[in-house]
Each structure stands twice: as structure tokens, then as C-alpha cells.
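Presented below, as C-alpha cells, is a lone chain in the form predicted alone.
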């Protein structure tokens, strides 16, 4: 009797840990068949070296519109319906041209210039949280508003419209209903189309939108779609990592003590958190445009490929004792931000935000603790950016 391919992705039991069944997948072959949310058969890559090899292979496409693209969630299904794709769903040469337009706002130097502004945003959020607590919801009061405010400033999106943004994004990225998600996406896109048009009439328009609007380098429609995508990606992942990073540190007090004892330890600690959490499996989805042979396996043209960091970043041949969280580990080679031409545009910004936020959190509130166990926190559904939407704490 033939065993049916396992479903992928699978739900997390503990929000800050990968699903228990993934440990077994890591023990199997480097490439194996799985079944997606949409019932498709696709290839799952379980090893680090094979993941990096495939993520830089030009025969794998990121274009969500191509037949066979792996649909692992409602959100991915919505992307397959779009006539135009944002950066994450583009292939060269279009991808490379657009990425070069946005890159000046995300270089190490440019991000470093934002340090003082990010520190101010972090401390203002902590001021508000400590003024009204304890108790508090660390996700709602700190992890979410910090990166949201940072990306709004970078883009030039008005912070006073945050309630609209957050409501529409919540309906788009948390829904199980394609109609609701489609409506929320349309509302967000219409807003950014209006904002791009407005910025063209204002010489003093700030941020990435103000820098590119009306220059002729990118169409208004493409800039609006890119800005919407950057707003979502620029805060969803970082908010998830701040909150799950805090959970992981509270669950590992000896590791937290090591960070607090050495200010420089936060940089490798953030890399280890990124490896350990690997929250963005939904980013590394591809479809083959030609036959690809790897390790004696042939991926046929038109077949979907899933390259989850939650498996590759726990490859025991690369990371010793991979299920142990160790802030002293050299985890810099992880693929939490992807690999190859689609490596995360905002990774420098995310790293700096995490370093500043997690350092300040325990400087200001050294007795911070959860009021529930980590096992009682509600994980997000598989296929989404992994994280939590509430983190009750006290001090």
C-alpha cells in the first residue's frame, strides 16, 4: 500500500517552535513529495545545501501566476490571481530592475542612519507600555507598533492612517476567505495608488514613495503595489520575530542572562533567533521552468518546489545540535532571509530593529515575564508568516 505524501506546511503546536513532525521530515531524503493546501503535489527541500543550490537556480521561477506554482495558503492563492506581481513574485530581468530602484533605502549605510530614529520609536513604545501597565500585551503594545512605525517612515506612508492599514492587513493576511482577502487587498492597493498620485504633486514628499513617484523610472501602478507589499512585509515578519524572540528568551533565561551581560552578544543572538524561529517558510516558494536534476531526483518543468527555512536551518550537518537555542552559536549562514536574488530586501533593517528592540526591552523592564505558558499561546495557521497575535506579560 502506497503512503500518501504528507501535508505541508503543518501547524505549530508551540508558536516559537516548528511542528513536531518536521523533525521526521529532516531525517528523510533531501527532496521528497508533499501535498499543499490546494491539494497539489510539490517537492519539499529538507536540507541546507540543496536549499541553497535550488534557491539560486535560474530554472526556478518566483512568478505566482505560472501553472504549477505551489499554493500553500489562501494568501498565496490571492497572489496567483494578480495580473501584476510585486518584487517577491517577479523573475529577472523585471525583478532585478525593480530591486535596484528600492535598494538605496535598505543598504547597511542607509539603515545605520536610521538607528537614532528606531531607538526613539522603541523607547516611545516602551514609555507607553510601562505607563499603562503592568500587565500588557507585548505584541499589541510593542512588537507590532515598532516595526510598523519604522516602515511607515521609510516608505513615507502617513502614521495617522495606521488603524486603516492594520485593519486591512489583518483581513488580508489572516483570512481563510478568499473574498475577504481580495477585498482587503483591493482597499490597500487603492490607498497606495492615491498616495502615489498625491506624492507626485508634492516636491517635499518623504520616503521611498516620494523619492520614486513621478520620476518615470517605475509606473504609478507598480510603485503602489510595491509600497503595499513593502508595508506588509516590512512589519509582519519583524513584529513576529520581536514577539517570538521575546518568548524564546523568556523560555531560556540563561541565554537571556548572557545577552544582558554583554551588549555585543545581541548581534549573534539575533542571528540565532532568526535561524531558530525561521518564520517565513511561505517566502521560498518556486515552480520549475525546466527539468532540474539534483541528487538523482528530477524536478520536472511545471512542478512546485517548497524550500522552508524551518527545515534547512535545522540541518544537523550544518548546525550542531540544531534544536538547541544557543546565542553563542555562529548562525550567520542561516537562510531565514532566503538566499540568492530573492534574498530579503529589508534584512539589514530587520536585524537592526531586532537588536535595538530586544536590547531595550530588558534594559527597561528587567523583570519581564509571560503570564501564561508558551504552550498556551495561540500559533498562527500554517502557510502564514508564523507568529502570535497576543503575548500577555507582566513585570
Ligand code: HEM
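Worth saying up front: this structure is predicted, and the values here are computed from it rather than measured. Numbering follows the first chain given and starts at 1.
Not on display, but discussed next: the form predicted together with protoporphyrin IX containing FE.
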For the three residues 283, 338 and 350, which mark the spot I'm curious about, does each lie within 4.5 Å of protoporphyrin IX containing FE in the predicted bound form through at least one heavy atom?
yes
Just one stretch in 314 to 322, 178 to 186, 231 to 239, 160 to 168 has heavy atoms within 4.5 Å of protoporphyrin IX containing FE in the predicted bound form, so which one is it?
231 to 239
Would residue 343 sit within 4.5 Å of protoporphyrin IX containing FE in the predicted bound form, counting heavy atoms only?
yes
Quick one: does residue 191 come within 4.5 Å of protoporphyrin IX containing FE in the predicted bound form, counting heavy atoms only?
no
Answer for residue 99 alone: is it within 4.5 Å of protoporphyrin IX containing FE in the predicted bound form, judged on heavy atom distances?
yes
I'd like to know whether residue 151 contacts protoporphyrin IX containing FE in the predicted bound form, with contact meaning heavy atoms within 4.5 angstroms.
yes
Among the candidates 44, 60, 327, 354, the residue which, in the predicted bound form, approaches protoporphyrin IX containing FE to within 4.5 Å (heavy atoms)
354
Since exactly one of 250, 87, 129, 172 fits, which has a heavy atom within 4.5 Å of protoporphyrin IX containing FE in the predicted bound form?
87
Relative to protoporphyrin IX containing FE in the predicted bound form, which residues of 261 to 282 have a heavy atom no more than 4.5 Å away?
274, 279, 280
